[in-house]
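In structure tokens, one chain follows: the form predicted on its own.
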């Protein structure tokens, strides 16, 4: 499998802490303990699916490492997991199979609920798994230093200020084209950085039809809240960074209510050796239609559609919806040239503007040339939307979070007709 925008739990626990997060949970299958305790039953769940964000120096409002930290939030945790708001994973679990799904099973949710209802007992300390040795926030998560680091100029984010979107550009210093093995975005102050887009920019504008700013050759990385590890490519797969590319960062800052922060965001690139030629080059496409995005005042279910035709046989690696406050849901469909009706590939039916995971397919999806990718976005501009800043406003496309977008980001790579036929024969 070519790319893994893996959960930080999978990388940091396995590579850095040396334990298996997937095997940490005490529950086996659908078994719910009659009398669950924190040490035996709840802590393993938190280690696997919650502590990646809920720990010191992160942007989350509380740490969930110890019983003393968790106990005051027990009822809130129960409410959030029962509503499937946390952990933040909003794809319909019956559509598609994804890597590193942190969502809780029904048994795990019932275990937490029963634990809270029974008074949230601590349990026997001897039952607790070893504490996870979480690395520092400013860690390169792939176990090695990058070959190239570009860092933005310092940006001051004052308290109680407006959202800002600076777009600094940096030279790479490359003297030859290089293929990229991994990319990681490292915000200096993650508490105010909402998301970061990393673009390869050239002087010409021949790549500006991909949904990004003018002059952009392609999007290299997209780091939203909840993604710390970034993109990593297995042997045979890579992104291309050309020697005449500059790096443009689009930084989206959400100010803190009380504190001022000065951010310097860095991007690390690890290259394959010089002369390496991958079998496949991974690309990113923004499937979007800003002209179709018209959201009337009070409308609870405004729909907009966008299309993109695959001109070659293609394998789809991942799907990431991007919308703002009024984002409600987004689907991805494939309309094959030989099929009578669309095929649903992903259904993110509970979009959350402040958590925007990338949904990486367990196995890349294989589609023939001529397939039309169809992204359908739904926005809720009604007063029932609790984060809607103004249900009386008509809303269209814009950079500000009070404006809207309808982007479905796709990571993909092309294959030959012969490879497509071989893959079809294996199904």
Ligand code: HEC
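For clarity, a rigid core is taken as the largest C-alpha set superposing within 1.5 Å between two forms. Positions refer to the first chain, counted from 1. No experiment lies behind these values; they were computed from the predicted model shown.
We do not show the form predicted together with heme C (HEC), though everything after this point is about it.
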Counting only non-hydrogen atoms, which stretch in 132-140, 85-93, 296-304, 266-274 is within 4.5 Å of heme C (HEC) in the predicted bound form? 85-93
Do residue 237 and heme C (HEC) come within 4.5 Å of each other in the predicted bound form, heavy atoms counted? no
Closest heavy atom of residue 59 to heme C (HEC) in the predicted bound form, within 4.5 Å or not? yes
How about residue 77: is it within 4.5 Å of heme C (HEC) in the predicted bound form, going by heavy atoms? yes
Counting only non-hydrogen atoms and a 4.5 angstroms cut-off, does residue 358 reach heme C (HEC) in the predicted bound form? no
So heme C (HEC) isn't shown here. In the predicted bound form, which residue out of 395, 46, 375, 367 has a non-hydrogen atom within 4.5 Å of it? 46
Contact residue in the predicted bound form, chosen from 81, 200, 185, 332 - any heavy atom within 4.5 Å of heme C (HEC): 81
Can you name the residues of 388-417 that have a heavy atom within 4.5 Å of heme C (HEC) in the predicted bound form? none
Could you check, with the core superposed, whether the Cα atom of residue 44 shifts 2 Å or more between this form and the one not shown? yes
Tell me whether residue 254 is among the residues that move between this form and the one not shown (Cα shift of 2 angstroms or more, core superposed). yes
Core-superposed C-alpha of residue 349 shifting 2 Å or more between this form and the one not shown: no
